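The chain below stands alone and is given in structure tokens; this is the form predicted alone.
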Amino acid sequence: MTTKTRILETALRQFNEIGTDQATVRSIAEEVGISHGNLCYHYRNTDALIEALYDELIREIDEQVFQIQPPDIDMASTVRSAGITFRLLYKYRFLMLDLVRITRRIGSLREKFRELMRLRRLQFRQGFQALISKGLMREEWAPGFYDHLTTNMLVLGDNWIPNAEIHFDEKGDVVVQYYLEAFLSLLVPYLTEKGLAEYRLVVAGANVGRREGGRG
């Protein structure tokens, strides 16, 4: 494992556990077992570490989630992609917990995030069109309606981790699953009968897989 990898892994753990206001270059360097100067050679300050971890999160999401593109999107890939995204967001949860402070302070990251949301809107629209073309999702019956649905889904995606921090004592998969189901439920009213039947089969299969995995 390279020094840079060790630094990022340690920074991620500290940011998640104590927040970006409390974790420092010195505390991260001490845990890694290197000097303050050595760490600053790779990352000049905690803002640089935060941005590097943000870039890593987006790389992981793009690598694992967006391999399937329209017109190959179906109900199974939609549910699977949402699940992977929510678990990766939780892995890097400090970013969502401290998102406002981070984007106010790090202008380059704010611009990256805004550009990402523009891209995600396009990807949602393309995904909806793929589901519509396969008879899984209803045609849009009012202009701009699915743009509003996209906004609702993105807002939930950005804010479920802070909400969980307030309302849940539990950590980990039980929290991820709760909000993942809430996220997917936004889509359910707009599915056709065929889409709803496929959705139920996919979700039932995912639940069985989780139960069997929990026994192992």
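Start at 1 and count along the sequence shown; that's the residue number. Here the structure is a predicted model, which is why all the values come from computation and not from measurement.
One more form of this protein exists, namely the form predicted together with the DNA; it is left out here, but the text below deals with it.
Decide whether residue 61 counts as a contact residue for the DNA in the predicted complex under a heavy atom distance cut-off of 4.5 Å. Output for residue 61 is no: heavy atoms all beyond 4.5 Å of the DNA.
Contact test in the predicted complex: residue 57 vs the DNA, heavy atoms, 4.5 Å: The answer is no: residue 57 has no heavy atom within 4.5 Å of the DNA.
How about residue 14 - does it come within 4.5 Å of the DNA in the predicted complex, if we only consider non-hydrogen atoms? Taking the distances in the predicted complex, the answer for residue 14 is no, it never comes within 4.5 Å of the DNA.
Against the DNA in the predicted complex, would residue 150 count as a contact residue? Criterion: heavy atoms within 4.5 Å. Residue 150: no, not in contact with the DNA in the predicted complex.
Out of 185 to 193, 152 to 160, 165 to 173, 36 to 44, where are the residues with a heavy atom within 4.5 Å of the DNA in the predicted complex? It is 36 to 44 that comes within 4.5 Å of the partner.
Looking at the DNA in the predicted complex, which residues in 16 to 30 have at least one heavy atom within 4.5 Å of it? 24, 25, 26 sit within 4.5 Å of the partner.
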